[in-house]
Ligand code: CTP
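Presented below, as structure tokens, is a lone chain in the form predicted on its own.
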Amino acid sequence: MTNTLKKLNPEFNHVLQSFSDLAVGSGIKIYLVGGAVRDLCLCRKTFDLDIVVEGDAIKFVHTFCERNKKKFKKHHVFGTATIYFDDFHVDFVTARRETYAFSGALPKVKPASLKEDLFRRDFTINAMAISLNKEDYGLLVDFYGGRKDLENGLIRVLHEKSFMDDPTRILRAVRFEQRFSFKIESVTLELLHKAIMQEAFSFVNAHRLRDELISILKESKPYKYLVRLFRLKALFFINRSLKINKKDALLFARLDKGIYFYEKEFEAHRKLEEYILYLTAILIKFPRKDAASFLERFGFKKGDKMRILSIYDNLISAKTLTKKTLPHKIFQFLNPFSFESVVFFYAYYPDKEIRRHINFFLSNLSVVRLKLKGHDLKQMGFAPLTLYGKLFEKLLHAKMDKGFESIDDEIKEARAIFRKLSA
């Protein structure tokens, strides 16, 4: 696996070698674990580095950061720490075993060996390690057959209580299955069905379910993930009456195209929080009060809740964009919304006139700025100052409708507007 490690970018390889050098001097053993090992075996690009320390991870990180002048955070309860580099971070954890007081509870942890630490992982494909120790640097450690399951395309839990210990693994099983085009192994699938029948999700903190749902909605083309979860009856934690059908497939396909259109044509605009659009597509099926209750109960960020509910509150009003109207009227309607809301309107309504107006707003109206400033008005003797706000609003709308570009045109228009305002 040494050659496999070389597939990592040079900066990752450099820091791993630095960790290895420190481990030799400290007399402890360290291993690369988790998704990075899985992705390296699959020849996929990896972005996350997770290190298990057979020893005190926090002490190891503290020593490294003290010598290399790096920032870090530590969490004594779980024996974890994170080192922050310029463009990435590396997570460290003390090798540990976990016990669960009841289904869905956060685990109690005790120091343990690497083998015990890997056994607490969710699936065999995520329970492999690569040694970062001098004597066997790059050696793959695979106690539970993860490499074979990767080769056979299988998602397999490590023990029969896995889904009941942590029911969020149900969502992760489907996420990995769909992402890699794998299959959930037959016994694992039986255990998954059993956990769902026992309403395992009811034992889990809602915020943890929220995070797993967001992870699914951030995957490429998440509709197929949702269909799989729906067929497994694993989406009822959102709403017991939730159904995924062909109409949803069409909306998700339009959302995919709308997001692609936005990202291709409007690179200068803020990047979309794509998951918000897909989550809205699920929640829009229910009454507003049910959607608001879900967002509140699952602890979504205030800004995300506002964006989603603003789509609810204005979805019908967006139909008015079918009418031919002045540019500033288009601006007045769309400008208060987030780009996520605007793209949702674009995808939800396949009407050509609506899409033409939205395209015009994104490409032209949203970037219109006045050259004339407040100090220019003062120098020209415009008074009182209390009229400036209204003047600039009307001037901006006039610029959108009439298309003038020079500051002289703005001054001429400003004089005409001011005369009317002060009459």
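When you see a residue number, it is the position in the sequence shown, counting from 1. Nothing here was measured: the structure is a model prediction, and the numbers come from that model.
This protein has a second form, the form predicted together with ligand CTP, left out of what is shown; the following refers to that one.
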Pick from R307, R156, H328, R121: which residue has any heavy atom within 4.5 angstroms of ligand CTP in the predicted bound form? R121
Pick from K224, R208, R254, H269: which has a non-hydrogen atom within 4.5 Å of ligand CTP in the predicted bound form? R208
So, D50 and ligand CTP: in the predicted bound form, are they within 4.5 Å at any heavy atom pair? yes
According to a 4.5 angstroms non-hydrogen atom cut-off, is R38 in contact with ligand CTP in the predicted bound form? yes
Does any part of Y137 reach within 4.5 Å of ligand CTP in the predicted bound form? Heavy atoms only, please. no
Are any of the heavy atoms in E177 no more than 4.5 Å from a heavy atom of ligand CTP in the predicted bound form? no
When ligand CTP is placed as it is in the predicted bound form, which of 165-173, 335-343, 311-319, 80-88 ends up with heavy atoms within 4.5 Å of it? 165-173
